[in-house]
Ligand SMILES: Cc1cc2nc3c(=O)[nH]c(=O)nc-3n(C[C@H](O)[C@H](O)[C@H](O)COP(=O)(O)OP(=O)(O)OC[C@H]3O[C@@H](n4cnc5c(N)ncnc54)[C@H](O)[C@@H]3O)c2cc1C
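Below, in structure tokens: the form predicted on its own, a single chain.
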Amino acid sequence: MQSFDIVVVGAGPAGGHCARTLAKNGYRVLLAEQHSSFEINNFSSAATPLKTLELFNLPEQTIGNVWDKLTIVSSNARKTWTSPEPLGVVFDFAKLRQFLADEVTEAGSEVWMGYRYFKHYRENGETIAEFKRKGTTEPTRVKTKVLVDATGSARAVMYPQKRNRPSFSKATGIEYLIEVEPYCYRKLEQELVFFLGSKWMPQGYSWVFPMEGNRLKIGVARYYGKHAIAPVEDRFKNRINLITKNYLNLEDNYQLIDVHGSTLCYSMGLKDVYYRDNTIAIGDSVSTFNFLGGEGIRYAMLAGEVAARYIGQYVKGEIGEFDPYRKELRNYFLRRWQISERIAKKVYFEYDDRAIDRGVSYIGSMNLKDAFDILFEYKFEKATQGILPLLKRQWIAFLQSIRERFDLNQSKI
């Protein structure tokens, strides 16, 4: 039976980056992934600010495309911001995870592909984790000092029995990867497009992200629950077709490359279990993705990096529990994520199209930096700071309409 300092279950962005960090710091790490290839579950559309690359030292090979244009479309409103410089990237999810896994092996640790986590237990004072390899019946056992749950919304390590899992708020998404003609691709090759409102996706949102090689990712996501006003269309395919035909003006002149989807489970108020004894949870296993915007990869990696610091201290005997890790993560996320929760409940379960249109128009009145800070950094204070300038512009427009109506010049008003 092999022994490791740390066993990380799940080779997503959180698990891969946590294992990578620990391996580079000299620990003996096992990164175990249930799929035999990262191409099998290449499901995530990861649009992220440009600084994410520098923050986590990620190379160009992990990028699916660069974007410098951002558009928000609602049922009756639209706003586009354009930057002379790149604003962010769309990750190639498979290439990102492959890079992180390669970094683990290059640092002298191990990556096991096709190994599904089965269970763990204590034996003679040691933690034993069991995995089942695809195509075999006998489990593979390993010893570890720390076990990391990086299984995302499955939370397979923390909650091995689904019946013991608490209630979570859920959202399901589906995404099409299509290849289009070059003339169509050129229109969107560096643009992110988000859709809101009942026309596009009641009780959720939709998107179009550019990838490389004339390919686009078209996705829709719907939140579980009952909308106060709008009926919910359960067939995601209809909403995908709406975007391809009504927005992209595509009929059958594209090639469908892949269809994939997943369900996210989020703990309102961040009430997840962060650790039990020498087992610690990271990434979506502790609700690091944002419930309003769905963004998760950079925050999952952040949680993995923070966890790696405390795991190292635990292995060296400098700390005896992971409560400082829990406190640090909650201190970082809680306030902004709770505000995001409240806004999400309004937008996805209460607002009608008129309210969403007004919201898009309001954000559309802001400059690129302020809009970017709200949409990608969740700096919601920027929204209130923009009210007075907006009211001023509306007042000036009102006075101008009075002048034009009564044929008055400015000196008479």
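All residue numbers refer to positions in the sequence shown, first residue = 1. Source: prediction; values computed, not measured.
The discussion below concerns the form predicted together with this ligand, not included here.
Only one listed stretch (327 to 335, 260 to 268, 238 to 246, 68 to 76) carries heavy atoms within 4.5 Å of this ligand in the model of the complex, and that stretch is 260 to 268. Although the partner is absent here, G88 lies well away from this ligand in the model of the complex, with no heavy atom inside 4.5 Å. Although the partner is absent here, G296 lies within 4.5 Å of this ligand in the model of the complex, judged by heavy atoms. Within 4.5 Å of some heavy atom of this ligand in the model of the complex lies at least one heavy atom of A46. The shortest heavy atom separation between A14 and this ligand in the model of the complex is within 4.5 Å.
Contact with this ligand in the model of the complex, defined as a heavy atom within 4.5 Å, holds for exactly one of Y314, W81, F289, Y254, namely F289. For the options L302, M211, V193, A156, the residue carrying a heavy atom within 4.5 angstroms of this ligand in the model of the complex is A156.
Heavy atoms closer than or equal to 4.5 Å to this ligand in the model of the complex belong, across 98 to 118, to the residues Y115, R116, Y117, ordered by sequence position.
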